[in-house]
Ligand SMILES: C[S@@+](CC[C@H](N)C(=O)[O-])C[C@H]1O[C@@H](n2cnc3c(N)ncnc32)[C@H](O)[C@@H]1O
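Okay, so here's just one chain, in structure tokens, the form predicted on its own.
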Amino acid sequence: MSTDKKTIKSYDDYAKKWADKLRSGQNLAHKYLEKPAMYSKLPDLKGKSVICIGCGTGEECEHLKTLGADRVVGIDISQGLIEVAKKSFPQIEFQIMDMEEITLPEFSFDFAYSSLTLHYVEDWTKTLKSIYKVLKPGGVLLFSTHHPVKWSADVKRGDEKDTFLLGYTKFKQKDDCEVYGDYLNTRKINDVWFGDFEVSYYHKPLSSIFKNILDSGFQITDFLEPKAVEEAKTEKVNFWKIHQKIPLFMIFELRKI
């Protein structure tokens, strides 16, 4: 299934708050885990053409441009996010576009970048084939997404604590059990982030993810499960402790054969 319409509306309505949160450094998962890992994998972009898929409010397009990219195009399905991006970074090209149906010319880009976007669609094959088509031969796609170990957990949120459980209790005196979470089945998850941001995304086991990638034609050239960087300890020690042992996101580097 494509990106949930209610999720698109949430991003439309939340666009200004989203930009403020990212630019203020309030999102610890971005600041201390996902962005350091993604940026460490960026190739030499001097003179290259780059497409940023799910570009949001444009911050990463600006970063890619500062690294010497000759052309950066940001696409996102949310009109609200694109409007903020255009106002914030007028020197960069932004378009409202569905990542499952990229309408840009074939063989247009040397490099594709996508941060925390693919989990909004159930089957990645269509999206990956769409990206594959606009990349030049030998072009690279770098993307991050939810790690299924964490995002398959049973979640209980409360005023005093949040609990994430993936596992089971097996009773010895009777043939029964309690199972927490669901890793092996693809499913849609309805969630609330930051207390007021309603969003839906898909959990997929790694077997489904690798199948989607292989069916798209890409070659896997690297795979990362990043830990939180040391700097996180000074701001939020429990975030650092958790994400030294439990993955939050994962990163794939793919190449067009």
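Just count from 1 along the sequence shown to find any residue number. None of these values were measured; they are calculated from a predicted model.
Just so you know, the form predicted together with the ligand exists too; it's not on screen, but the next bit is about it.
May I ask you to state whether Ala85 is within 4.5 Å of the ligand in the model of the complex, using heavy atom distances? Taking the distances in the model of the complex, the answer for Ala85 is no, it never comes within 4.5 Å of the ligand.
Contact of Gly54 with the ligand in the model of the complex (heavy atom, 4.5 Å): Close contact exists here: in the model of the complex, Gly54 approaches the ligand to within 4.5 Å, heavy atoms only.
Is there a heavy atom of Leu141 no more than 4.5 Å from a heavy atom of the ligand in the model of the complex? No, no contact at 4.5 Å.
With a 4.5 Å heavy atom cut-off, would you call Ser115 a contact of the ligand in the model of the complex? Yes, Ser115 is a contact residue.
Of 70-78, 182-190, 132-140, 151-159, which is the one stretch near the ligand in the model of the complex, taking non-hydrogen atoms within 4.5 angstroms as near? Of the stretches listed, the one contacting the partner is 70-78.
Run the contact test on Lys35, Met97 and Val121 with a 4.5 Å heavy atom cut-off to the ligand in the model of the complex and return yes or no. Affirmative, all three are within 4.5 Å.
Since the partner is left out here, which residues of 17-35 would have a heavy atom within 4.5 Å of the ligand in the model of the complex? Residues within 4.5 Å: Trp18, Leu22, His30, Lys35.
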